[in-house]
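Below sits a lone chain in structure tokens, taken as the form predicted alone.
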């Protein structure tokens, strides 16, 4: 049987499974967990361990049709400036909650469009965060950049505040594809943005691409990859488009008949991957690529690659503090998400309380499965010996599931007493294999395509 037929028979082109940027995934979160548990967990943090900070800016001047993120459109700065004031009030609450001496090892600004902020708001927000959680000497500060919504003054302000990694949204450079997703972004505008970032001393650049978009074909995507290689990024993320109009209403503006079909999506991803690896990038997990000298490639090579809400990361901070509407914190006790709707988030903060509205308290079994799934997603290998060392007899609860995976996926996997390993031929099935160890997958939740 041909490879494509075997992948089809195992569900690659019709399965809908989580991306596993967390375990359990957000649909499992319960309103039984909220601000009280959030405050208790934050207060109990070990001040000697640096934390990561994620800060959500939900505003965009244009709402791209393909996007399923929590965002809202605005044509004026008034709601943005008001929101910055709310973030400052949340930071003040955090200052009264966090242990003294806590430091920040990483900070990431996401959105929405963080570069909607003018320079004076960039300075104001960055300084407000540092006043509450000072950075370590080696901290990393990354920002999602929309090349159509940034200029040299904004880049200079971000650089002055310590930004040392920029993540540039591209998706696709073909005008027909861009028009079909409501995101016009000429190559020369992106090139100018990259040049300005480099000139400002930003030495680490990520490029975000999406495959499976309307009207995308091999020729169009190949041309986009060539242009991206001309930009010489340090990392590339190649995400599969998740068409979930039941979650994101704006996706109803996309012509579903123009979307590549399942096998076409697979071929698009495979072609782009071969272009990047052929250009000297190291393949990282299921959808990232990095130069060999980049921290992501080093983390993958040394077994320190991790996965969080931004995808693959070399961030080793055990705690992630989410700030802003819909932000999710990963705490020693589990996950807590701030109120997703901006108005509800603002109401909670204005009442003088933290904005946690739902979450999940981790059990020992959760921690075991979370680590096992992360190993599969990051390394294509579940280290059974390491799990036994960390979790003792609890790790034996996975044995039956491992045997079932071995039976179902045959020679796509190798199973020994030491490890479960996905062979290169089976790596397209990684999310499906990972889902075999998910105790919470819900039939009522419609996840994105596995391919």
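Positions refer to the first chain, counted from 1. Because the structure is predicted, anything quoted here is derived from the model rather than measured.
Omitted here: the form predicted together with a small molecule. The next part is about that form.
Ok, 183, 288, 360, 369: which has a heavy atom sitting within 4.5 Å of the small molecule in the model of the complex?
Selected option: 183.
Partner-contacting position among 380, 309, 239, 187 - heavy atom within 4.5 Å of the small molecule in the model of the complex
Looking at the other structure, the residue within range turns out to be 239.
Picking from 168-176, 123-131, 227-235, 82-90, which part of the chain touches the small molecule in the model of the complex when contact means heavy atoms within 4.5 Å?
That would be 168-176.
Whether 119, 151 and 196 jointly form a contact site for the small molecule in the model of the complex is the question; each needs a heavy atom within 4.5 Å.
Zero of three within 4.5 Å in the model of the complex.
Any chance residue 406 has a heavy atom within 4.5 Å of the small molecule in the model of the complex?
No, residue 406 stays farther than 4.5 Å from the small molecule in the model of the complex.
May I ask you to state whether residue 294 is within 4.5 Å of the small molecule in the model of the complex, using heavy atom distances?
No - in the model of the complex, heavy atoms of residue 294 and the small molecule never come within 4.5 Å of each other.
With heavy atoms only and a cut-off of 4.5 Å, decide whether residue 67 touches the small molecule in the model of the complex.
Contact with the small molecule, yes.
Verify the contact flag for residue 212: yes if a non-hydrogen atom of it lies within 4.5 Å of a non-hydrogen atom of the small molecule in the model of the complex, no if not.
So residue 212 does not count as contacting the small molecule.
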